[in-house]
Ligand SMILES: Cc1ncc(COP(=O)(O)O)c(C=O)c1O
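In the block that follows, a single chain appears as structure tokens, in the form predicted alone.
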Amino acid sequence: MAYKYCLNEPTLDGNEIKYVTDVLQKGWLSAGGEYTKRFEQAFASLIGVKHGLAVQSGTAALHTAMLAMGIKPGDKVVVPNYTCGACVTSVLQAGAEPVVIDVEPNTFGMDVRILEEVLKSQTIKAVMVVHVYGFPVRDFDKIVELCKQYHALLLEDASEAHGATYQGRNIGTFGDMAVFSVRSEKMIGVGEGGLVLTDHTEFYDRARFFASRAAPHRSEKDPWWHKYIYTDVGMNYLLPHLLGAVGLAQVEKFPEILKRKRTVGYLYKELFSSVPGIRLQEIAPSSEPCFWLNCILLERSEEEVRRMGTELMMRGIEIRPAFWPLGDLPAFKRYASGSQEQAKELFRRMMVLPSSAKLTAEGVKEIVKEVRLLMEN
């Protein structure tokens, strides 16, 4: 179905065609190309960390980060209930055990009170914090301190939070490592891709090692006959050169993309503020979101929310559902810790609305008008 207003769209109005054409003319398409190296450096600089490694998806970035941090069988990693399933599967891929905890209902991020209870009662190797829809987690400074206090590594899943800030610092600079998705609908998008970021050279070296088949003898100084020596179980995760070229062009124009996304997000907040029966995702104190997605929570039954979403899509407005609570899925139920009710409530009440950087003010107003009409019926 063709939508009048799409959830998200790639912005390909910069140097994408120029850089991709250059790659094609030079003929190096696979990993290790010059544009990919420049993309990694530019993205790391944009966020404000030393090292960046581009891989083939956000899921690959999560798994790579797990391996780089030394997560192994017998370890436990805390994961929030309201997020993409890749957050849990990356822990399982590393052979570790996820501990899925509920979220707080306003920013949809990890609940610091529940986290503290878990850290007190169990030995936790790492905590994965997810900044949902580009909104920084509430009490993030307290979460950082708890991780230090209990000697737990901190991984930021910033897949949706390009350009978001907390206490004046970029999201992606607080943890031991951070991952970003650069799938096509993200604010920097290449089709499918992800990045692993860190200030720790040791973690970066391990990330590159595991993402390149665990083959350590591939530099120019190594004997050529050592190229296919594998010293561990590695993955073929490195980003192809063509996608690195697209990524570099996207980073170059990121400030304008971020400006557009925030314009859309703040306009939604203004227009929905006076609509009864609708609640919006809250902005945590001392933070500024990037508004990757904009959602509404409706004071309606689950059936009514589904009916309204279906009607909006019939009117050409693309709708996305909430994440299905991880602790309520058959594959992950055994890892749920404590109540999962907040995430279930988000799922029952939520619709995610078009949030494209190409969305105009007139488009936002029309979408809000259509939602209001449905609320009145």
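Everything numeric here is computed off the predicted structure, so don't read it as measured data. Numbering starts at 1 and follows the sequence shown.
Here the subject shifts to the form predicted in complex with the ligand, a form of this protein not shown in this document.
The single contact residue among R183, R279, R260, R213, judged by any heavy atom lying within 4.5 Å of the ligand in the predicted bound form, is R183. When the ligand is considered in the predicted bound form, only one residue from C87, C147, A249, V305 comes within 4.5 Å through any heavy atom, namely C87. Listed stretches are 261 to 269, 77 to 85, 203 to 211, 98 to 106; the contact stretch with the ligand in the predicted bound form is 77 to 85, by a heavy atom cutoff of 4.5 Å.
Against the ligand in the predicted bound form, the set G58, V130 and D157 is in full contact: each member has a heavy atom within 4.5 Å. The ligand is not shown here, and in the predicted bound form it never comes within 4.5 Å of any heavy atom of P289. Within this chain, G172 is remote from the site of the ligand in the predicted bound form, having no heavy atom within 4.5 Å. At least one heavy atom of L62 is located within 4.5 Å of the ligand in the predicted bound form. In the predicted bound form, none of the heavy atoms of P136 sits within 4.5 Å of a heavy atom of the ligand. Residues are counted as partner-facing when one of their heavy atoms sits within 4.5 Å of the ligand in the predicted bound form; in 133 to 155 not one qualifies.
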